[in-house]
Structures are given as C-alpha cells and as structure tokens.
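Only one chain comes next, encoded as structure tokens, the form predicted on its own.
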C-alpha cells in the first residue's frame, strides 16, 4: 500500500511539473501583462510538433545522434514558439491592450486557426504562406514608406498579396501534385519516441521512478530557476518588473514599453513551447493537445496568485497531486470498504471526474481567497 501511495504522489508531482511548466509562460503573460491568451495551449502544441519534427530529422541517423536529439529539440521548440508568440503580439494583441474581452476572443480565434492549420498543412500551403510573408515584408520595407498617410493602401497590399500567394500556391500544387499530398500531421495523433535513456527508470523499493517524468521535473526546475534569475538579475528582467509596477512612469524614464511587451510575450510563448516538448514525452501529440491543458494552466495561475511564481509552484503541485489522488483510485483503498466515503471516491476515480472534483475544490477555495494563495501587494494592485 505504501509503494502504491508513493507512486501516486510521484505521478502527481510529475503532473504538477507539467502544469507548472505550462503555467510559467502564462504567469508572466497573464500575470505581469494582464493579457488573457487563449492561444497559449496552441503554442504548447507548436512546441510538441517541433519536437516531433526534430525527432524525425534525427531518426535516420541513429546511435548517439538520435539519443541526443532532445537537446536540440528543446531550444528549437523555444525559439519557434517564441517567434509565433512575437508575431501574435505584434499583429494582434498589440492593438488590444487594456481590452481583455476583445483579447480573449481574438486569441481564441487564433487558437482555432492554429488547430486547423496543423490539421491541413502541406507543401502547397507552405509555399503560399512563405510567398505571402515575402510580399508583405517587401511592401513594408520598400512600398509602404512611399505611401505616407495612406494606411488603407497597406491593407489593400496585404489583401492583394494574400490573393496572389493563394493563387501561386494552388497553381504549384496542381503543377507538381502537391495539392493531392496528404497533410503533414492530419487530425490523428503522432508519437514522439523518447531516447533510450528516457525510457527506463530508477528502482526505488517496490516501485520505479520513470526516467521521462524525472526528466520533466528536472526540466521544470531548470526553467523555473532560469526565469527567476532572468526577472531578478538581468537588465531586461528589471525593465519587465518596472513596467509591471508602473507603465507610465517607466515610459517617462525611457524604458521602451513596446519592446518590453514584445519580449515578455515571446518569453512566455517560448516557455509554452518547452512545455509542449515535455507533454510530448507523456503521450501522443495531436491538434487538440493545447485544449487539454489550457484550463488547468489558467487555474494554476489564478489559484497561486496572479503574477506570483511561488504561488504558481504551490498551486501546480497541489492541483497535480489532488488530481492524481482522485483519479488513481487509491483513496477508496486507504479508506476501506466500510467507510461511507469510499463509494463517493470510487465514483470520482477517473481522469475526467477527478478534474470535476478538483475544479469544484478550486471554486470553493476562490470563494474564500479570490486573489489566490499569494495575492499581489503594493503599488501594482493599486494601479
């Protein structure tokens, strides 16, 4: 019984580590910037698919190359997701600061677009998107400055470039047979094969600590430490905290608030990409991966206290352990058959029902402490 309990607690800690890793990026975007990013889960999905592509690139090499692909996949996923987040901030969210409802709806729309993109992407679509991006970049650098005060011409250029890129992509697809090509990923899940050194485990008494989950816990610890050092010790971390405390005064002191916003969003998005890599080690990767974690991730940030990293750690571990305790069915074993609560916990001994009771407990907790475990204090609250 003790070994089963320890195994359950370890699984709960590993689940909490995944939630924490996913919540770190959201904590600085939602907590420090006040932006409700419903596409955060899709940035995790992008990181997971980046891991899958890097794995496939190293799959034919074998040997030590395949065993070490994960060390290239992690920074690659961070950069790809950070670039995606930077584009989202520049093109969508920048125009919606201070309007949380519009931000929520816009990022929700972006999340749907990204899900469908992953289901449908093939070479014909990629050709069209690359051409469209090249035309927009050409217009921004060479054409738009000459138009001066004619912003509507820029919109016409974007629409015309999109139409031309779509036409060229369709023609290329017909000419080279790319239009008939199967999507790269499709709606079905794809599997990421972990290196051999992550497929074993460390025996501890009567149970084994899976190496993949130990790796996720270690990765989460490294990311948490790195984020803390960046925010507390680096010049840009100081600027981020200054803008969080008082945006107007920071701008008066010469801090480029627009650049700080973009950097913060890119950093949070990159951490979401790393979280996607961690999630890919636990199961298959599909276009709905982000939706499975986005609600729990928001709960971690809210329960822990908006913008508080320590609170996020405590909340993630608490939610992860509670969810695994309820879903594993160990509580009825501990209580025994004669306990009246045994039937109640047997009813909730599934993953879906465990989430229900955890959410119910969170709602009750927020009725008592609506600002979370570690609420913000000081001038940032008054602002």
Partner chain sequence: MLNLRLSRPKALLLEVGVVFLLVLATVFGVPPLLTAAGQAYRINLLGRFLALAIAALGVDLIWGFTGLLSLGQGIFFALGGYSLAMHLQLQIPTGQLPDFFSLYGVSQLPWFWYPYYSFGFTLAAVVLLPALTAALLGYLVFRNRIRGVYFAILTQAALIVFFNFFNGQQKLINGTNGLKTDTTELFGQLVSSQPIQSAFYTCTVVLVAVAYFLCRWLTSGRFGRILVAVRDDETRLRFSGYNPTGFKVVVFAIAAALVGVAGALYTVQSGIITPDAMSIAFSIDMVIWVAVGGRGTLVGAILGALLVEFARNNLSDQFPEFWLFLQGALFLLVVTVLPGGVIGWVRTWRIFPPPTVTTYPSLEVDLEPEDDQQDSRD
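Every value quoted in this text rests on a predicted model; they were computed, and no experiment measured them. Residue numbers count along the first chain shown, from 1.
Separately, the form predicted together with its partner chain exists; it is not shown, and the next lines address it.
*asked:* Please tell me whether the candidate spot formed by 106, 109 and 363 is one where all three residues come within 4.5 Å of its partner chain in the model of the complex (heavy atoms).
replied: Result yes, every residue of the spot touches its partner chain.
*Of 46, 70, 33, 325, the one that lies within 4.5 Å of its partner chain in the model of the complex (heavy atoms)*: Here the answer is residue option 33.
*in the model of the complex, the one of 267, 285, 299, 74 near its partner chain [non-hydrogen atom within 4.5 angstroms]*: None of the others qualify; the residue that does is 299.
_Exercise: residue 197 in contact with its partner chain in the model of the complex, heavy atom 4.5 Å_ = No, residue 197 sits far enough from its partner chain in the model of the complex that none of its heavy atoms falls within 4.5 Å.
_Residue-level question: is residue 257 within 4.5 Å of its partner chain in the model of the complex, judged on heavy atoms?_
Although its partner chain is absent here, residue 257 would touch it in the model of the complex, with heavy atoms inside 4.5 Å.
*Is the gap between residue 190 and its partner chain in the model of the complex 4.5 Å or less for some heavy atom pair?*
Looking in the model of the complex, residue contacts with its partner chain do not include residue 190, since no heavy atom lies within 4.5 Å.
*Taking the shortest heavy atom distance, is residue 295 within 4.5 Å of its partner chain in the model of the complex?*
Contact check for residue 295: yes, within 4.5 Å of its partner chain in the model of the complex.
*asked:* Based on heavy atom distances of 4.5 Å or less, which listed stretch (76-84, 222-230, 89-97, 267-275) is in contact with its partner chain in the model of the complex?
replied: Contact-bearing stretch, as computed: 89-97.
*Since the partner is left out here, which residues of 102-141 would have a heavy atom within 4.5 Å of its partner chain in the model of the complex?*
Those in contact are 102, 104, 105, 106, 108, 109, 110, 112, 113, 116, 117, 119, 120, 125, 140.
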